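In structure tokens, the next block holds one chain alone, the form predicted alone.
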């Protein structure tokens, strides 16, 4: 069918994207009023930790990687990474996780985004690598606050196609002995959270939150399926990121359920009306690994020149595939299942590779671009093994060695040329 049969929405963000941005602005204003100005307790937590506990207690949660992306988006990361080296920290620290700590050590409210983060009641981290505990302990020491660590227990059997079991047969998928241990850690975390915040954890409220997350995940699955089924992509990657991440950070709220429904409705309407962000689309690409937060425009740089569109990233539907955990009577055990293998599913083979190949098949993608983060040894080794698995399965992959937040390491013209050459020589051949 000719390109003329598709209506271009290249310059039209989804209507719901404005609501997503407004929600994040509202969230920040609420955090600033309550915690930065009034001194209410809040928690800094890693992205792969159970925020739901604090949401239930109405304790604001700031994700370290969210603040890292804000620093990067405001073009402040070069200053703080230069500071990191001046303070004697080695250059191979994972930049995504170490950047926020630098704003605390710098202690310059005039420079730091939003004046810097105030002292939290607690810093929560999951020990997914060999550096997390040291970074978190030093950051907590600089603040003068407590830290809590969740262990990353080992899986004895890596069942293929984890996404097929993750929603309902998660007891089998994640193994009962691991769930038993994680539940005990979550109970200990709740006790610490109650002590440092002075608030009580209500199990009935928590159960309602867990059910709402499942409903939001169902809506995200609808959106994902609509994009995958579309002959030409109806929504840009920056739009996907804005909407799904706003729902992810606000997961468990009624707003997240309503917003993801509106998001899916609008995408389905675009598909029905044959609207496309690139009517001349020839190629669908996947973006692998973490987002390029300081330059999300990069995702759209190849539409006019090559007819190549990034249609999927791990943010597109992990809220659906990884977060949904249906349960009958034990929401805390379901929460353990939700958080205990998140990083392994997103960043480590074979689970990462199997999930990506499923997306490539469903979306009809003919190539992928993977950002391999500088300094993050665990993720770097895992992604390189994943590339080998994807290539062996017939999916061409271009690896870009860079940082999600360190603009000093990014030569935009060179990266555009490299991806363009990849499309021409390995994808559109």
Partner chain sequence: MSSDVAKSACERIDLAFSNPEANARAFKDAGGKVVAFLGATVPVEIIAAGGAYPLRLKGGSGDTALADELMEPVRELYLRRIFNRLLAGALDWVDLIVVPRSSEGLLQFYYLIDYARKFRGHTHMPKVVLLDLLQTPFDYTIAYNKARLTELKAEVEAVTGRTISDEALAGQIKLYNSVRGRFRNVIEQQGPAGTLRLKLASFGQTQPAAEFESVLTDLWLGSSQISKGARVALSGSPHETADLYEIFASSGLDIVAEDHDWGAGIYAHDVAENADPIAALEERYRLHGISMRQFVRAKPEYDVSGKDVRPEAVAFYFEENDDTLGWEYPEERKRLADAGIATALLRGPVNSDRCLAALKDLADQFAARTEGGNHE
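Quick caveat, the model's predicted, so the values are computed rather than measured. Residue numbers count along the first chain shown, from 1. Rigid core: the largest C-alpha set superposing within 1.5 Å between the two forms.
Omitted from view is the form predicted together with the partner chain, to which the following refers.
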Would you mind picking out the stretch of 151-159, 222-230, 284-292, 73-81 that comes within 4.5 angstroms of the partner chain in the model of the complex, counting non-hydrogen atoms?
-> 151-159
So in the model of the complex, are 133, 184 and 385 all sitting within 4.5 Å of the partner chain, heavy atoms only?
-> yes
Counting only non-hydrogen atoms and a 4.5 angstroms cut-off, does residue 98 reach the partner chain in the model of the complex?
-> yes
Is residue 129 close to the partner chain in the model of the complex, meaning a heavy atom pair under 4.5 Å apart or at it?
-> yes
Report whether the minimum heavy atom distance between residue 87 and the partner chain in the model of the complex is within 4.5 Å.
-> yes
Examine residue 238 and determine whether its closest non-hydrogen atom to the partner chain in the model of the complex is within 4.5 angstroms.
-> no
Which of 278, 112, 337, 348 has a heavy atom within 4.5 Å of the partner chain in the model of the complex?
-> 348
Contact with the partner chain in the model of the complex, heavy atom within 4.5 Å, among 108, 204, 92, 304 goes to 92
Determine, after fitting the two forms on their core, whether residue 297 shows a C-alpha shift of 2 Å or more between this form and the one not shown.
-> no
By the 2 angstroms cut-off, has the C-alpha of residue 86 moved between this form and the one not shown once the rigid core is superposed?
-> yes
Once you line up the core, how about residue 174: does its CA shift reach 2 Å between this form and the one not shown?
-> no
